[in-house]
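Only one chain comes next, encoded as structure tokens, the form predicted alone.
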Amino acid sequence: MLIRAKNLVKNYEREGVSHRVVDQVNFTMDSGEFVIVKGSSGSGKTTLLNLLTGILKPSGGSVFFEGDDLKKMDDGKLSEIRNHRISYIPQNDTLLSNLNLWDNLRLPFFLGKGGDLKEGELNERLKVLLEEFGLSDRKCSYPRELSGGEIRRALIIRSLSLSPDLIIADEPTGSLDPLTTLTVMEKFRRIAKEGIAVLAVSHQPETFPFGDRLYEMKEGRLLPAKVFTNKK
């Protein structure tokens, strides 16, 4: 078992009133699975992803990564897992404005996320990914010179470049055109077949059949999954 959520709860206080954003979620994923979660805005999807990556600590329950409880880990161990094992694609733009696209894509490697990967191997991998996602001619551009869709593609490339065990993506195709959306989902499907687990939040029905399972999140609860047997 790669990752498991057990009775997961997250509460927030607003103006002195407690609100339950994630409510008794139980969930498992193994290597090579592609899982998609849908749900309306405010249903708790992003909070769930932040709990699964260890960015947020739960109010109740636990998240286990390969059997180890994230909430019992110190910051060093959590950072190691997020740096080498789990790659997170957030909704917001996390590219650094003072670096061009090429340097932004290489930055995680130099921050210690490369593991056993050699710099030359990283460069070759990035060149292939830039070609696949149509950004080869933008590698010297700065984030302010990129469109919203190009930034989304860049964040996806960065997540794929270091071959993590688990990719968690929050609306990875939200600002992409239909053709690029298809490219991204096919890429996620392929890497899942290669053994990397992929968990994506999406509101686009055309993306759902690419997953092995589709969950709906509603008022903080994760409803039973729909299982897809015929993959695109």
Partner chain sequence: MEKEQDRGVGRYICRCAWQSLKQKLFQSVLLGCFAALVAFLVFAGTLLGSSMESGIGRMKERLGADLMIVPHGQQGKTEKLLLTGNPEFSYLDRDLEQVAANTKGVKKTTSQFYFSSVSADCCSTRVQLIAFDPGTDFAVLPWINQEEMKKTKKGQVLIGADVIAQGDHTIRFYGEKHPVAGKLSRTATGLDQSVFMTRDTMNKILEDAKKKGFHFLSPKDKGKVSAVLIKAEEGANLDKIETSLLKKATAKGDKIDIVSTQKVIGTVSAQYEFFRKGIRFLQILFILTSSLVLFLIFSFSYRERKKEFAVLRIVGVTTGRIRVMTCTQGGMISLIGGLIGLLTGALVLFPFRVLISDSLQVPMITPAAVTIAFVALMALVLTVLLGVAAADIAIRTLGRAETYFTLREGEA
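Only a predicted model underlies this, so the values are computations on that prediction, with no experimental measurement involved. Positions refer to the first chain, counted from 1. The term rigid core refers to the maximal set of C-alpha atoms that superpose within 1.5 Å between the two forms.
Absent from the display: the form predicted in complex with the partner chain. The rest refers to it.
Worksheet item: Counting only heavy atoms and a 4.5 Å cut-off, does the partner chain in the predicted complex sit next to every one of Phe65, Leu126 and Gly149?
Response: Not one of the three qualifies.
Worksheet item: Of the listed stretches (203-211, 180-188, 65-73, 38-46), which one has a non-hydrogen atom within 4.5 Å of the partner chain in the predicted complex?
Response: After filtering at 4.5 Å, what remains is 38-46.
Discussion item. If we define contact as a non-hydrogen atom of the residue within 4.5 angstroms of the partner, is Arg158 a contact of the partner chain in the predicted complex?
Written reply: The answer is yes: Arg158 has a heavy atom within 4.5 Å of the partner chain.
Item to complete: Answer yes if any heavy atom of Leu95 is within 4.5 Å of a heavy atom of the partner chain in the predicted complex; otherwise answer no.
Response: Yes - in the predicted complex, heavy atoms of Leu95 and the partner chain come within 4.5 Å of each other.
Fill in: Interface membership of Ser79, the partner chain in the predicted complex, 4.5 Å heavy atom rule
Output for Ser79 is yes: heavy atoms within 4.5 Å of the partner chain.
Item to complete: Indicate whether the partner chain has at least one heavy atom within 4.5 Å of a heavy atom of Arg106 in the predicted complex.
Response: It does: once the partner chain is placed as it appears in the predicted complex, Arg106 has a heavy atom within 4.5 Å of it.
Worksheet item: Taking heavy atoms and a 4.5 Å limit, what residues of 50-65 are near the partner chain in the predicted complex?
Response: Heavy-atom contacts within 4.5 Å come from Asn50, Ile55, Leu56, Lys57.
Worksheet item: When the two forms are laid on each other by their rigid core, does Ser79 show a Cα shift of 2 Å or more between the shown form and the other one?
Response: No.
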